[in-house]
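Below you'll find only one chain, the form predicted alone, shown as structure tokens.
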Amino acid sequence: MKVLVTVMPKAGVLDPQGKAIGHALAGLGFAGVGEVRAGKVIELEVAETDAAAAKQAAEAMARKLLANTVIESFRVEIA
């Protein structure tokens, strides 16, 4: 089963990569772009056949390794 874990900086946490992307977009002439936040998407193929168990396992992986929960939040989706 495929699971997607989306990790993003929490609100209020500085995001230099997002700032750099926003600045570059403005420099390329893309007007009207507001705040840019950059994160990551991690695609996992898990052996679970039960969606609830797969989501629970992915959430545990995110808490222990994939996200720094002090400064990042995460969302888990079954794909």
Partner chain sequence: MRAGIVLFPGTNRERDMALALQRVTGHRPEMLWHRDTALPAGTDLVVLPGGFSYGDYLRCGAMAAQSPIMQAIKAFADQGGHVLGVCNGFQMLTEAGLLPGALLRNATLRFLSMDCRMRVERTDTPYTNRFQRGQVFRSTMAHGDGNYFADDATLERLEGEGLVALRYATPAGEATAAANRNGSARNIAGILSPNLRVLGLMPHPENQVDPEIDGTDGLPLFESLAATLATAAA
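The shown structure was predicted, so the numbers you read here are calculated from the model rather than taken from an experiment. Residue numbers count along the first chain shown, from 1.
A second form of this protein, the form predicted together with the partner chain, is not displayed here; the remarks below concern that form.
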Any non-hydrogen atom of Ile71 within 4.5 angstroms of the partner chain in the model of the complex
yes
Is there a heavy atom of Ala20 lying 4.5 Å or less from a heavy atom of the partner chain in the model of the complex?
yes
Hey, in the model of the complex, is Leu66 touching the partner chain, heavy atoms inside 4.5 Å?
yes
Ile42 near the partner chain in the model of the complex, any heavy atom under 4.5 Å?
yes
With the partner left out here, which residues of 1 to 25 have a non-hydrogen atom within 4.5 Å of the partner chain in the model of the complex?
Gly12, Val13, Leu14, Pro16, Gln17, Ala20
